[in-house]
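In the block that follows, a single chain appears as C-alpha cells, in the form predicted on its own.
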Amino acid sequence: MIRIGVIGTGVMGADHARLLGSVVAGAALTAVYDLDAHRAAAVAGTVPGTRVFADAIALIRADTVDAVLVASSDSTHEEFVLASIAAGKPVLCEKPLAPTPEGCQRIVDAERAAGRRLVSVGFMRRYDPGYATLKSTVDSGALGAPLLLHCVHRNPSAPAGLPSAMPILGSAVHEIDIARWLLGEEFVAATVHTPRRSRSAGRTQDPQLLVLETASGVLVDIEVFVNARYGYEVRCELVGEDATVSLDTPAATQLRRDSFVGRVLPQDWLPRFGEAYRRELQDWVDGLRTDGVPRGATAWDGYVATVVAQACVAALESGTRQPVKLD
C-alpha cells in the first residue's frame, strides 16, 4: 500500500484525495494540508485515518507518507517538489511544474542530483481514452507523416480581469504538452494571433490563436477561448499525408426532438477528463508499487511545457514570432 499525502485541498486536490481514498487500488490517503485548515479537515473527514497537517513540509517529511501529491497554488509548486526530492519521496505535481523555466530547471537539476526519477507532472490528457487512441493511430503510421494539428480549447467563462497570459499558461499549456506527446518532437518557435476580443472577455485578450512550429516542420494551431459561453469543449484533428484522425467531445447520449439533434456539454473540465485523472493516479501508484518508479509526464516534460508556454506569452506581448530555446 502506497501512503500518500495531498498538499492543497481545493477543487483539484479534493478530487484527487477522493480518488486516492476510495477508488485507486493500492493507495491510502494518510495526510492532507491546505492553507485553509477547515477545508483540509473537511476533506480528511471523508477518509477515515487521514491526518490534517498544519505545515506542508512536515507532511512531506512524515513517516506516514510514502509519496506526495501537490495540488496547491502554482507559486508553491517548486518549493514543495524540491522538498519532496530532498526527502527522497516520489511526487506528482499538478501543472505547472513551476511557473518559470528557471524554477523547472532547478527541479530537473535536483532530480538529476538525486540519481533517480521522483517527479511526475499532472498532464492527465495523456491518459484520456480518446487521446490514447489518437496516439496509437499516429504511432501506427496509418496517417503517413504528420503535417498539421488543429486544437480547440474552450471554457464557458473566466474570472473578470484575467491577465491575457493566463489562457496560455492555464489552459493552452495542456494542448502544448499533448501536441508534443502526440508528435514526439520538440517545438522550435511560437506565434500568437489575436482576433477581435469577445464582448464577454473584458480586458482579457480572448480568444487567442497560437501557432507552434516543430523541428520537422509540422504546424500546430491552438485556439484557446476561455469565455466561449456555451460550455467546456476540447477537440483536435491531426492531418497526415495519407489520412486524418479527429478527437471530438465524447457524448453518452444524443437528444433528437422537433427537428433538432443535440448533446449536453459539461461546464468545466472534471466531467470531460474525470476518467483521465483516475487512470493517471492509478498508473502513478502502480509504478510506485511495482518497481518504485513513478510514471506519467516527467520533470523534463514539465520544463518544456513551461518554456513553450512562456515563449507563447512573449509572442502575445510582442506580436512577433518567438524562438523556443530549451536547455
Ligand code: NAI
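Every value quoted in this text rests on a predicted model; they were computed, and no experiment measured them. Numbers for residues come from their place in the sequence shown, where the first is 1.
This protein has a second form, the form predicted in complex with the named molecule, left out of what is shown; the following refers to that one.
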With a 4.5 Å heavy atom cut-off, would you call residue 213 a contact of the named molecule in the model of the complex? no
How about residue 277: is it within 4.5 Å of the named molecule in the model of the complex, going by heavy atoms? yes
Look up in the model of the complex whether residue 120 has a non-hydrogen atom within 4.5 angstroms of the named molecule, and give yes or no. no
Looking at the partner-bound form in the model of the complex, is residue 295 within 4.5 Å of the named molecule by any heavy atom? no
Is the named molecule close enough to 5, 30 and 66 in the model of the complex that each of the three has a heavy atom within 4.5 Å of it? no
If you check 61, 39, 272, 51 against the named molecule in the model of the complex, which one has a heavy atom within 4.5 Å? 39
Partner-free chain; cross-checking the named molecule in the model of the complex, the single residue of 185, 102, 139, 74 with a heavy atom within 4.5 Å is 74
Heavy atoms within 4.5 Å of the named molecule in the model of the complex: which of the stretches 192-200, 74-82, 103-111, 128-136 has them? 74-82
In the model of the complex, residues of 181-199 near the named molecule [heavy atom within 4.5 Å]: none
